[in-house]
Structure formats: C-alpha cells, structure tokens
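Below: one protein chain in two forms, given as structure tokens, structure 1 then structure 2.
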Structure 1
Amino acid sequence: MDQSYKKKKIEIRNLTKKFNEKIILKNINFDLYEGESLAIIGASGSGKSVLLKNIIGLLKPEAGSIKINNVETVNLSRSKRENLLLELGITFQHGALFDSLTIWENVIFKIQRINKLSKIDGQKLALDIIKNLGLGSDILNLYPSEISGGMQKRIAIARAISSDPSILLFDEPTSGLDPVTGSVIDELIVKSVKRLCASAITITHDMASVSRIADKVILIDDQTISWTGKPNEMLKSNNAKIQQFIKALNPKLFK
C-alpha cells in the first residue's frame, strides 16, 4: 500500500549502536507510518530489544537519527523526552509489572504521574481499561505475583494503552505463553491498535504472531536489516536470510 499520504510516526536513519567495541546494530533505516503495525524479527541476540531501547531513549546510539512525530530524539533534553514519551505506550519483556503495586495501580501508573487520582477514581479507570481486555474487578486489588503469566501480559498491555497513546511498542508480548494464550494476546494487540488508531512496533520471534498482527515485517540479521516485506511474502521470498530464519523456527513448512 502506498504510504506517501500517511504521516511518519517514527523515522530511523543510519542508526548504529555498539557496546564497547562490539557493534550490535549498523546503519538501521526504516519508517513506521500512521496506523501501521510493524513486526521486527530476528534471532536471539540480534539486537531487536536494543533497537527498541534506543527508540524510547533507554539507550543512546553512537550514530544516526531517531525521529518520533517528526521530533529528533537523539540528544533531546530529559524534560522534552518525557513529554514526547507520553505519546508512547510500551510493554517490556515478561510484562515488567511493579511487584509492590496492585493490579489497578500498575494499570494507571502512567496516568497517576500526570493526574493524581483518588483510589476510587483510579480503580474505576483501571476497571474500564481492563474490561476491554477481558478482565474483571476481581483482580484489581491483587498483586502481579497472584495472577497468571497470561494475565500479567494483559495487564502490561492495559498499562501501555491506558493513556491512549498514538504509538505502541511491544517487546516479545507472547514470549513464554502457550499458543492459545499467545493468540489471545495477539488479538488484544490488534484490537488495541485499531481502537486507538495507533501505530505499533512488535519485537517478536513468534511467526504465528507475525502473521496475525503485522502489516509489515523487518528481519534484523548480522547487525542490520536484511529483509523487509509483508507477512504473506516471507515464504515466497528468495532472500536467503528470511528463508533461513523461517526454516529454523518452522522446519515442517519446508518438508
């Protein structure tokens, strides 16, 4: 689909990241457009999560440009970055919920930092959010350790979408989940993106998830982007890197 009429939500140009002298990412270039859902795939240790951390500012690249909503974020001041990050909803690997906070406190954590809510108002808002994810009031006062891994993933998504962000970033949202629960999480991601009219980047190695959630796919291999295309183009591609990656994860497809 021609994206020329759509706004760029994220624009990455010539991004390079290394730790000490080891290069992790080299000359990364891609755009995320308004309303687009992008999946970034690659082997473990390929730099997918490092890329995400550069986008949100937890890491700083050695070279290159990262624009969010047309604002250059590399070397952006802390206060301006924090304001810009209000546009983003983020889930980290394993959910990364706050163990010492209840479920409702986790869900509205971002909002609570901006607008102080009473306990009653906070619980009501949290309940309104988690209802859209198929959860009820019975878990509001529980702690993350008291709910299942699948529920923790849902709560992480609830926290990410709580402030109605225009950009959603998911880091391995189905990692460690069984296929049924993973498909439920994928469905929630798709519904959340559509409801918010948001753009999304999902870091994953789950090819079933890719086919369900993504409009476009990027493969990171050997420090850089080695293939870009649509999910339904992966099997038909002659690119050796994407074929090697798919075959490693789904050998039955090639028998």
Structure 2
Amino acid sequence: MDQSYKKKKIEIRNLTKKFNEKIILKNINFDLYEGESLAIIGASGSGKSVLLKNIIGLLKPEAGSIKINNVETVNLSRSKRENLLLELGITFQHGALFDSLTIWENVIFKIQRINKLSKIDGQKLALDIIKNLGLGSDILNLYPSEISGGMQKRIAIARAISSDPSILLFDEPTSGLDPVTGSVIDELIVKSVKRLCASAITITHDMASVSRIADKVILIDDQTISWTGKPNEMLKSNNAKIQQFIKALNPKLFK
C-alpha cells in the first residue's frame, strides 16, 4: 500500500540509547503512519521497552530524533511535551495501575483531569469502557490489588484508550493472559485503531497477536532493527532471528 499520502504520526531517525556507556539501541529508524498498526518483536532484554520510553520522553536518547505529529520531541520543553502526551495512550509492561485508586477511578483518570465527573457518571463511563474488554461492573469499586493479573492488564489498556488518543503504545498487552482473552485484547486494539483512526505500536512476544494486529512488524535484535516487513512476509524471510521466532508457533497463521 502506498503510504506517501498518509500523515506520519511518529518518525524516528538514528536513535541511539545508552545506559552508562552500554549501548542498548543504536541507529533505530522507522515511521508510524496514521491508521497503521506496528508490532515490535525482539528477544527479552533487546530494548523494546526502552524504545517505548524514549518515544514518550521518560528516557532521553543519546542521539537521534523522535518526531511525534511532526514535532521534534527530544529536548522539547516541559509544557509542550505535556500537550503532546495528551494525544498518546500508553500501557506499561507491568500495568502501573494506581493502587490507591479504585478500578473505575483508574480507568477514567485522564478524563477526570480534563473535566470532573460525578461518581455515578464516572462509574458509568468506566463500565462502558471495560465492558468492551470482557469485564463487568463487579470490579468497578475494587482496588488493583484485588483483581487478577490479567484483569489488571486489561484495566491498564482501558485506562490508556479511555481518552480516545490518536497514538496508542502498548507494552506487551497480552502477555500473561489466556489465549481467549488475548485475542479479545488483540481485537480491541484493531478496533480502536479503526474507530479512532489511531496509530498503534504494540510490543509483543506473541506471534499470533502479531498476525492479528499488525500491518508492519519490526524485529529488534543486536541493538538495532534487523528486520522489517509485513506479518505474512515473516514466513518467507530467511532472516535467522525471524525464523527462530516463528518456529515456536503454528505457521498456518501466516498463510
């Protein structure tokens, strides 16, 4: 598909990230277009989460450029970055739910910042959102520590998409979930991208998810992007790392 007419949501050029002289990422280049869903795969410790944190400004790259909506974000002033972040919906690898707030307060946290809702309206809105994720009203008033790990994962996703962001960033949204719930989440990501005409980056280890959600896949290996392509091209590729990743799962998915 020709994407030259589409808007670029994220553009990353020559990104390098080190921790104390230890290079984690170098020469990372990729684009994320409007309406596109990108999957990032790579071995544990390859720097996927670090890449995501660079994009949202929690970590600062040693070199390179990160543009979001055509705005250079490296060295951006605090207030401009805050405005930019409002357009992003993010889930962290370990959920990072606020454990002093109830589930419904967690889900509509960002909306509450913008316009205050009453408890009843807030709970109703939160319920609408978590219904799509296969959760019910029974957990609304519980605290994050009182629901299962898989539920926490889904609440984190609900919190990220609650304010209808135009860029979605998910760090392993389906890890630790049963396959059925996993596919529900995948569907939700696909639906959200369609509905909001959003762009998404999803970090995942699950090849089945990749085939379901991604228009484009990048593999991070040896500190940089070692393979880029469409999900169904992964099968034909003779890149050794890709082969390794696919070996572990049913190749039928890629027919």
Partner chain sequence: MKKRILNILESIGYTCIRFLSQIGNFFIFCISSIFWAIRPPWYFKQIHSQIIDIGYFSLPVVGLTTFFSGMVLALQTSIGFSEFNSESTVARVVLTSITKELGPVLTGLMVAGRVGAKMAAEIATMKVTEQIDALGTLGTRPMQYLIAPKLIASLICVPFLVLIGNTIGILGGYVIAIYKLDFNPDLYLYATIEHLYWIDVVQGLVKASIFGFLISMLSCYFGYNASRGAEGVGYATTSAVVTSSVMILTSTYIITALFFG
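Bear in mind that the values here come from a model prediction, so they are computed numbers and not experimental data. For numbering, take structure 1's sequence and count from 1. So that the term is clear: the rigid core is the largest set of C-alpha atoms that superpose within 1.5 Å between two forms.
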Practice task
Specify the structure that is the form predicted together with the partner chain; exactly one of the two qualifies.
Solution key: 2
Problem - Did T102 shift 2 Å or more between structures 1 and 2, C-alpha, core superposed - result: no
Handout entry: Per-residue C-alpha change between structures 1 and 2, E72, threshold 2 Å, rigid core fit
Key = no
Handout entry: Is_shifted D138 between structures 1 and 2 (CA, 2 Å cut-off, rigid core)
Key = yes
Handout entry: Displacement in Å of the C-alpha of G150 between structures 1 and 2, rigid core kept as reference
Key = 2.7
